[in-house]
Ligand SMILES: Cc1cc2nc3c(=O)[nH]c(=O)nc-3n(C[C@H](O)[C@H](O)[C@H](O)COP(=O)(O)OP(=O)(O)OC[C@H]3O[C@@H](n4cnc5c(N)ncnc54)[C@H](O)[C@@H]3O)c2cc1C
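Take a look at this single chain, the form predicted alone, given in structure tokens.
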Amino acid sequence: MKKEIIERISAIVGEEYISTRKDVLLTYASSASMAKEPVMPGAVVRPANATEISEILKIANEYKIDTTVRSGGTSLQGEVIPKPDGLVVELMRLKDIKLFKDLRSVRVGAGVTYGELDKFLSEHGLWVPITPESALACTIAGNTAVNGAGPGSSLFGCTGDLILGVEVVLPNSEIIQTGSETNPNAPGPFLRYAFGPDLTGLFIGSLGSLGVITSVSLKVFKRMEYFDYNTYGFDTPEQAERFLIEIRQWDVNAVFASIYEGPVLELFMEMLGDEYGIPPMEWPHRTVSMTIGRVRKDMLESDAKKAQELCKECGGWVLGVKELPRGEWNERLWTFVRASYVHGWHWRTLYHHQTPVNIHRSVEEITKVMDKYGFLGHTAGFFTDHASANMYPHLYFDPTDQEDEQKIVDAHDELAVTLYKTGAVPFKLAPFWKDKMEGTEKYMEFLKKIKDTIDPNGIMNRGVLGGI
């Protein structure tokens, strides 16, 4: 990157907050994703606020510098991989947190992680109930940009369902605020759907391509203190899927409900069963692992009883293995995530949302592609609010074997097409979905018009949003 560019950016943020050192650039060349090769940027800058970011983007537009936004770097589908010799704008210095207790909301800077926010809110008996698996490193702003999900989503939906507004620096350097805080006289964030169209939603799931989210305002809730952990077995996929639907129909407060194939749980438990304290057992064809949460004990007892009744009505039985959902919830699945790495292989994933009655269709398509290409893999999923399930297949490969890795790339591309044809929709509109979604051409054209309008020089996370 040209010396004059570095000097101009340095004048904005200070010399200590911009770097072209190779060891630093290497750190920002990759993310938690195993789906993309590392790419060395030309410089990394760590601004302190939206004003500094705005000034940096003016320079990026002047020189037409490819710019990638990054916070915690926990992305799993390559969204934060920079362009060669590009500029990485890292947001971890934006650490402000302001609680609006009477409004039941909080505003957080783009560098605040879920772990930091949870520690802050716990002192007030509050929480943000959706927690991604990478909570200790993942930021709220980063998770907003991917509209993430995780433990808590079975009741509260995806991250976007909690958001009341965002402050964003557009690619053209303009700074805007959405939601009720658009009114500078507002007492704080209290309404997302204000001032006409839902512009907040434009940036949720935008993968950093439509602007730099510098702060997020979101709902907070009274912290739940009472939980019931249980597992439920079923002979057929349809029975398990019906159970999940009935749980929602009867307003059972399932904060996290996961669904597993028997072989998948056997794979996990071979590695982690002792750590969880679960003895070897033959898992049923489908297992639902569920945590029910309530702020009142009497309500919890009622929900737990109803869940067992619904299980039996759907043709299942109560397994009673409480250690599994307890571990999922209390450790927020970090143990299962670690299970994906301990064998030394790498993996690709293709996150997607599926309807509850179609969960088995995702499993069928993933199994087909595994059999066709001959590799190890699995899929599992969890319920995400009203009528969807977040499915996350893992396709394993040996990173030292180029032929093995290419096989996974080919299978991954094929799977994007076949999953889409089952009616599934992308969880993140990552580049993997480009040209795989027949019938969305007009939608993608419209999305490109929006991108071109607010990013006329095409500098911001180019190509990340479905290839746009």
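Counting begins at 1, following the sequence as shown. A quick note: this is a predicted structure, and the numbers were derived from the prediction, not measured.
If you look for the form predicted together with the ligand, you will not find it shown, but the lines that follow are about it.
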Quiz prompt | Contact test in the predicted complex: V69 vs the ligand, heavy atoms, 4.5 Å | solution = yes
Exercise. Using the partner position in the predicted complex, report whether P284 sits within 4.5 Å of the ligand, counting heavy atoms only.
Key: no
Quiz item: Heavy atom to heavy atom, is Y351 within 4.5 Å of the ligand in the predicted complex?
Solution: yes
Quiz item: With the cut-off set at 4.5 Å between non-hydrogen atoms, does H412 touch the ligand in the predicted complex?
Solution: no
Self-check item: Single option in T384, S362, S258, S134 placed near the ligand in the predicted complex, where near means a heavy atom within 4.5 Å
Solution: S134
Quiz item: Only one of V288, V146, L87, L324 has a non-hydrogen atom within 4.5 angstroms of the ligand in the predicted complex; which is it?
Solution: V146
Exercise. Work out which of the listed stretches, 182 to 190, 231 to 239, 267 to 275, 69 to 77, brings a heavy atom within 4.5 angstroms of the ligand in the predicted complex.
Key: 69 to 77
Exercise. Counting only non-hydrogen atoms and a 4.5 Å cut-off, give the residues of 210 to 234 close to the ligand in the predicted complex.
Key: G211, V212, I213
